[in-house]
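Let's start with one chain on its own, the form predicted on its own, as structure tokens.
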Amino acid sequence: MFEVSADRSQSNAEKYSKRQKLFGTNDVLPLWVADMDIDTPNFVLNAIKKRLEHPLFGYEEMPTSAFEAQIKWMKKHHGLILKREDMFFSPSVLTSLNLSIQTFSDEGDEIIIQTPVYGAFANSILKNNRTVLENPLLENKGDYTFNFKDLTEKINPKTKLLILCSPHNPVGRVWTKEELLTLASICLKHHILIIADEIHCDLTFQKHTPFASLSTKIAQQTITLLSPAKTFNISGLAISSINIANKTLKEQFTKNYQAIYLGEGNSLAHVAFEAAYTHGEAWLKLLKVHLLKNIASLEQQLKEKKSKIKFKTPEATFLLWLDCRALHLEDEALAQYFIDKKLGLSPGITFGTGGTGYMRLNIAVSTKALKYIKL
């Protein structure tokens, strides 16, 4: 099923079309952006084909059945109880993040991120004229944990939000329930609202605990952002959900949401979203097996070459956080090191403090494509 995949190089795929701009050449295998070079599953494609049999594509609402499919999925797989009345359509998690920042903070307020973390978090904060407050993760031989001491020391009256990446991109951690409870207690004490980006929650190799599932009290102080985009490779269809259980926060959010008018999404995205959550369980199990095989293969390659590059097998995501510090290269030279190997990766420095000397590699490729990844 995952031995080969369709050729995207002649399509409008961002990871291919931006190669010249990002790497100075088109002659690289693009392993930077977090979508998969693995075919979108047939049950999603078939749902889209069936919708195409109807000749009209006027305005549509996001169907209740689509939200219900996500509700059932999240309850079954993660124990998270969602309610339809608490859910909003959004074209992307980043759209949701920016709208949440605008709604629940003011210009000049501080927003916590736990670096090294997805670079768009910091960009969203800065572009909305808020202040980034870094709470760097603690790292020990490839293992990452929260730095609660640093967090409590930095919180001040201007600190309003914490953006939680769970599971974490790029370090691949699935935070334990105990870690999340400690983080939650700090946020509750200081009245800090948590925006939980849980887009990678289904791409886990061990149990994921949704932040809002910790307790009713914590759910009342959490905005949960979800999407099937990463899991089922449908990012181009632009669909996700925002989940807000707190009535007051929901009313506040609704005002901005309606003022901006995101609409209800497109017809094909609706059916893809519903099909993914309705029929995706068996396929996802096979995908995880494939990803783990790819990870093990690359790990074996590094071992055989006695490479100075190393990585910790991720607990989640299809992203590898390569520790290249032993190469003793400056960040620009490090990026070029991989370009010379015909690989286009994400530089670690784009993930903030703690990213120097690292590179992020997307391992979600076919078995055939994996043969071209030579570190």
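In this text, all values refer to a predicted model and were calculated from it rather than measured experimentally. Throughout, we count residues from 1 along the sequence that is shown.
Another form, the form predicted together with a small molecule, is not on view; read the next lines as being about it.
- Of the candidate stretches 251-259, 198-206, 74-82, 124-132, only 198-206 has residues with heavy atoms within 4.5 Å of the small molecule in the predicted complex.
- Only one of V93, A272, M87, I111 lies close to the small molecule in the predicted complex, with a heavy atom inside 4.5 Å, and it is V93.
- The partner is absent here; in the predicted complex, the one residue of A34, I48, L343, A69 having a heavy atom within 4.5 Å of the small molecule is A34.
- Mapping the unseen interface onto this chain, Y118 counts among the residues with a heavy atom inside 4.5 Å of the small molecule in the predicted complex.
- The small molecule in the predicted complex comes within 4.5 Å of a heavy atom belonging to C165.
- Remark: T224 does not count among the residues lining the small molecule in the predicted complex, judged by a heavy atom distance of 4.5 Å or less.
- N169 belongs to the set of residues with a heavy atom inside 4.5 Å of the small molecule in the predicted complex.
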